[in-house]
Structures are given as C-alpha cells and as structure tokens.
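One chain comes next, on its own, written out as structure tokens in the form predicted alone.
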Amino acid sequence: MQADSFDAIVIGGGIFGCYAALYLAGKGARVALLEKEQRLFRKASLVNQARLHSGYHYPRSIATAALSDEHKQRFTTEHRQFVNFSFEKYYAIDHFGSFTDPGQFERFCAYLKIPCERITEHPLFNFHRLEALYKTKEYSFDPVLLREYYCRQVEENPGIAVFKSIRIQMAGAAGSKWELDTTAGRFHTPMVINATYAATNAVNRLFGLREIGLTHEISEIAFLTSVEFQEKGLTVMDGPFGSIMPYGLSGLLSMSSVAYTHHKISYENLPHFDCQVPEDPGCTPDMPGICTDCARRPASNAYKMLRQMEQYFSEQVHFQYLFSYYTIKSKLKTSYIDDGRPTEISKLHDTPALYCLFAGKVNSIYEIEKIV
C-alpha cells in the first residue's frame, strides 16, 4: 500500500484540533486533520455552556483562573464576531453549602484584577437565598458560529487535508515517522497531535504511549428562553449549584447544574458507560459517539436544573425550557482536588513526535503555540 506523507497529523476535529491544524499550516506544514465523525465540531466543542472564562469560575484554582484570563483578550479580539459582549453577568454565593464565602471571592477577584461589584438590591433576584451577588464582566462565545468559521477555515486551507468518517486501525513508529493504517489509507508523518478530548487515552493507547488520568461524565446542557432574563446571566458558585447565561448570539440561554448536568460518570481512563452496547459500534470506550444523537442517552434533568435555579430569582422571572444537548465531558482526575481545569500538553514521544493536547476551555487554544 502506498502511503501519503504529511508534515503533521492532527487527530480530532473539535476547536483544539482545528486550531492546531491551522496553526501548523500557517507555518508552512502540510497537515492532515482526522475526524471519526461525519462532521467537525459535533461534541464538546459544540455542547458546552459557551462561557468565555475570565477566571471567576475557579476561586479554588488560581492556576486555572489565571490561565483563563490570560488568553481571554486575544480570543475575544480574534473571534469578536462570534462573541456576545453585551449581556449583564452576575456571580452569586448561596447562603448554604458554598465552598467560598464573600470575603474569599472578593480577595480572589482583587488578586486576579477582574471586575467584581457587590450588588445589594436587584428586582430579578431572591436575596433571601443569595448571601452575596456580584456584577462581573464575562462574555459568551457562539459555538455554532464558531463551528461554521473553523470548518470553513480548515476545509478551504490548501495546506490542510480534512478526513472525516475516518478510523485509525493501527499506528506505530517506522524509523523517524509514524505510520498510520486508516480506513482512508496509510499515512506517514513525523509528528502527531492528539486533540481528541474524550478519546485521548484511546489514541495514546493506539500509539503504545502512556495514558493520562481522566474521568468522564455524560453531561447535559439545557436551553431556555426568558423574556425577563434575556441577555443576562447568573452563576451561583462555588459548590453544587448552577448557571444560566446566553448561548453566544443565538438568543437562547444555556443552563447547567453541578448536581444535575452530569448523568453518568466513568472513573476509568477510557469512557466506559452502561449505555454502550455491543450491537452499536458507533459508541465504544475507545471510540465514543455523539450523545445527543443516541437513543439511549439519559432522560433529561432540565426541569430539576430549572427548579434548582429558580430559587435564586424573584417571582417576576420566568423561564421556558426548549431542548437539551448531550456530550461526554472529560477532566483530569487531579481536578477533583480544587475543581481546576488546567490545560495539559505533553510530548509523549520524541522521534517521531507525538503531542497529547488535553484542554476544556476554549480560550486555551493558543497553548499549542508554546509547545509545537
């Protein structure tokens, strides 16, 4: 079999994989972008709350908060046509069960130099349940518009060959290059970037390289509308609470809940769930599928999320639930210590090179530039 040679192969067609491919092509490399689904951007890059993190969300992880804020300005500048800058964003502390008190949150914001104005009266909120309310400055990106933009960029770039609905059957080192046998043929390359998120360890295992410690959750993002709370957002933290905020420029509100968003959890390095069945090869631990499209996805917890969040609003605020998206969310096992979401880029092999990119925050896409 004749092999097709590339300067780099990027595995995973979400935003991190697309950005890595574009970055390498911009340096003059001939790049192959491999995606096992029929379309790019179908999983976690689309199914998320679309929060452009400024750091507020992680009062117990200064490292994650600082990294979030570090890239925010660049991301918003380069993607401003896909960012909602105009909504009012509030963070709040519950009277019961929060891991962070008002003094800690205020000191945290002061340390990061991010805006934090305490609000003592507001007609839309229930201060009998809220210990403290803060007006902050946080934006929301639009995953749908971002998908359209990045799909167009990679597919029109002459330096990038995009392969969709592709499976890697075997991979191994052949001298100074990786050799990949795939359903689209055999490829050779001196460098591979693994940007597959939930399938990170499956790809590492395929190349015979070390795995990283991950956990995986089948997660639900619910979508709402509200006349009274349009173009506003509330995140109640730090504990088993939740968040409602604009989903980019769509006019919808996205809702998540620490208690109810995550339906199933797998503590294994590969995402093993009881909804994966032998008769459906479209979703396995080594090749997880698209949960939104799955007939065996969990029953929605949207109304539980909504009941939980409604207690923080006054009686004049009403929400209407529309639909939900589902996906597998993965995170480092060490994140359970401080709820951090660090970006991890590891060089797992030198010659040929393989980089493992694991990140969950959209404005961390630029971290690839520090390593590769």
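Residue positions are given as counts along the sequence shown, with the first one as 1. All of these numbers come straight from a predicted model, not from anything done at the bench.
Below: the form predicted together with a small molecule, not depicted.
> Given that the partner is absent here, does residue 360 sit within 4.5 Å of the small molecule in the predicted bound form, heavy atoms only?
Yes, residue 360 sits close enough to the small molecule in the predicted bound form that at least one of its heavy atoms falls within 4.5 Å.
> Given that the small molecule is not shown alongside this chain, does residue 203 nevertheless sit within 4.5 Å of it in the predicted bound form, heavy atom to heavy atom?
Output for residue 203 is yes: heavy atoms within 4.5 Å of the small molecule.
> May I ask you to state whether residue 150 is within 4.5 Å of the small molecule in the predicted bound form, using heavy atom distances?
Residue 150: no contact with the small molecule in the predicted bound form.
> Does residue 15 reach the small molecule in the predicted bound form, with heavy atoms at most 4.5 Å apart?
Residue-level check for residue 15: yes, a contact with the small molecule.
> Answer yes or no: in the predicted bound form, does the small molecule come within 4.5 Å of a heavy atom in every one of 36, 48 and 195?
Yes, the whole trio is in contact, each within 4.5 Å by some heavy atom.
> Name the stretch: of 263-271, 94-102, 234-242, 219-227, exactly one has residues whose heavy atoms fall within 4.5 Å of the small molecule in the predicted bound form.
It is 219-227 that comes within 4.5 Å of the partner.
> Within 4.5 Å, heavy atoms only, which of 253, 291, 199, 180 is in contact with the small molecule in the predicted bound form?
Looking at the other structure, the residue within range turns out to be 199.
> Using a 4.5 Å cut on heavy atoms, which of 65, 31, 305, 328 is close to the small molecule in the predicted bound form?
Spelling it out, the residue with a heavy atom inside the cut-off is 328.
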